[in-house]
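Read on for two forms of one protein chain; each stands alone as structure tokens, with the labels structure 1 and structure 2.
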Structure 1
Amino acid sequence: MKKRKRMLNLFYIPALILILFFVVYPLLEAFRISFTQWNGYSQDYKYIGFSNYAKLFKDENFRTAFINTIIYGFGSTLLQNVFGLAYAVFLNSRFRGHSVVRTFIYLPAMISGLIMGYIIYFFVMYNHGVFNEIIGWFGAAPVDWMADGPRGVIIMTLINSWQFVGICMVIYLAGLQNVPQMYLEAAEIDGANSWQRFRHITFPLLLPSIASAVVLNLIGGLKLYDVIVALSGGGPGFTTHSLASYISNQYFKAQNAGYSAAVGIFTFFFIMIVANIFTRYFNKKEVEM
């Protein structure tokens, strides 16, 4: 049996080779660069120790990008799960044509975040933008939607949630359909109201779905990049950057490749830790259930 287990490790080889080559090696390279001062292209650079990491604590723009990343990640996870579940409950009530509605809710998830960002630009434009036209019908003055950083962050969180809410919805819909009708009917006979039935029967049975949905959404949200590039470019100023877009901004635009690498390494470990906490939490939770 032991030999069997050892043999089993051979199965890792193709995946490990690819990951070592294209992820681990570049990661080490990035780690090395994070100790240098380098403009990103020239042949000469110098080692400056931990200065780039020290700069992380002083750099306000980095702090903004960090906070934004958390908002993008957790904000969209929360929104997608709440609305995904709401949509799922609604569609699960089985009216005629519910599958058409499901089709359309899921549809935007098929489209590249980049293209979606470009499309949404037509909505948030100041002149002739769709949002301003709509609020114009009610007599409101036009608003320059993306001019304010925090509002821009919220708008992009909403867009990301809106675009991918369908994935959550579908997961929950399946979860709901797996809840045995029998239990619910039994509870109804016992006098449980619909909230109680949801809370004590449906919700616990949905937990595995919730775990997957949360993990999937976090992945999407914490990595948010395409939409930002297309919609705000991180601006105005640095107010809407995520860590991902800040990394590429610092590397290419600001020519601080060393610092950019340091931000990258930070991001890597930050997200790794978040990911681990979440998987551990859900694994424990599921064991408990």
Structure 2
Amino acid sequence: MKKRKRMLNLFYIPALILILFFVVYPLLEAFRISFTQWNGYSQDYKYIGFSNYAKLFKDENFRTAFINTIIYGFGSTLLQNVFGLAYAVFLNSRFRGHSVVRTFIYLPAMISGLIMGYIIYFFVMYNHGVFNEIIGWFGAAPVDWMADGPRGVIIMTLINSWQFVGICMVIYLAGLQNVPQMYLEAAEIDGANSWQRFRHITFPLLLPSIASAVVLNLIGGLKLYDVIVALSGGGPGFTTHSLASYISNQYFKAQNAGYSAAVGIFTFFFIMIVANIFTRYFNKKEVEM
């Protein structure tokens, strides 16, 4: 048995090598670069200590990107889970054609976020955009949808929520199908209505599914990048940037790789801390149940 276990452990080696080369090494390299003043191209590095990290607290554009990231992350997570759960409860009834509806809801998640952003661009663009064409039929003036930063943030939060709500739906459908029917039937016999059965039986038993959906959606929303690049590029100005898109902006446009790496390290630890807080919270709730 010991020899067999040693042989099985050899199968971990390819995965460990991939993790070392594509996760650990880039992270350590980014951490090193964050202490430098470097344009990202030349061979000359200038080590400046914690100056890039100190700059984070003085940079208004970083502050804007951080606030937007929180909106993208928590806003998308809330919408995806509320609508994902609603879709799952509705589709769990197995009415005629429910498989087609499931596919239709999940379909946007199969499209690249960048492609989705370019598709939506044709809806929100000022000249001959779909939305402006529609409101033009009613005599209204066209709207430059992405010209206002807060409105652009809301639009991209809605797009991200709509695109990935299908993932939540699938997770919740799996959870609903694992709820023992005998509990629901017993509650119905005792006189509990549909809402009471859902609140006191179905919802508590869905907690593992809720934990998975919330953490996955939260991580995805906090690192939102592709839709922003496709729709606004972070503009107007820096008003719609997320931390992920701001990293790209500082590296390639501002040619400030050291500061970009510092933003990246901050983003990594921020998402890790938030994900751990929610994971611990849901684990504690499961233990209490």
Partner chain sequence: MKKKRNYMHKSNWWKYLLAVVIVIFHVLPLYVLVVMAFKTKTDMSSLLTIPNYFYPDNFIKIFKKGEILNAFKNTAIVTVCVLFLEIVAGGLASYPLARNKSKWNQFISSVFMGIMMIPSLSILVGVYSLLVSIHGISTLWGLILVSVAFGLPMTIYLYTNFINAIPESLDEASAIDGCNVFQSFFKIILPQLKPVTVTVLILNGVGIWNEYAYGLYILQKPKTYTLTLMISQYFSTGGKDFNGAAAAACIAIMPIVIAYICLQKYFIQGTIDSAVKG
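Note that the rigid core is defined as the largest set of C-alphas that superpose within 1.5 Å between two forms. Small disclaimer: the values here were computed from a predicted structure and weren't measured. Numbers given to residues start at 1 and step along the sequence of structure 1.
- Only structure 1 of the pair represents the form predicted together with its partner chain.
- After superposing the rigid core, the Cα of T279 is displaced by less than 2 Å between structure 1 and structure 2.
- In this overlay on the rigid core, F74 has a C-alpha that sits less than 2 Å away from its partner position between structure 1 and structure 2.
- With the core held fixed between structure 1 and structure 2, G175 has its Cα displaced by at least 2 Å.
- Aligning the rigid core leaves the CA of E185 displaced by 4.7 Å between structure 1 and structure 2.
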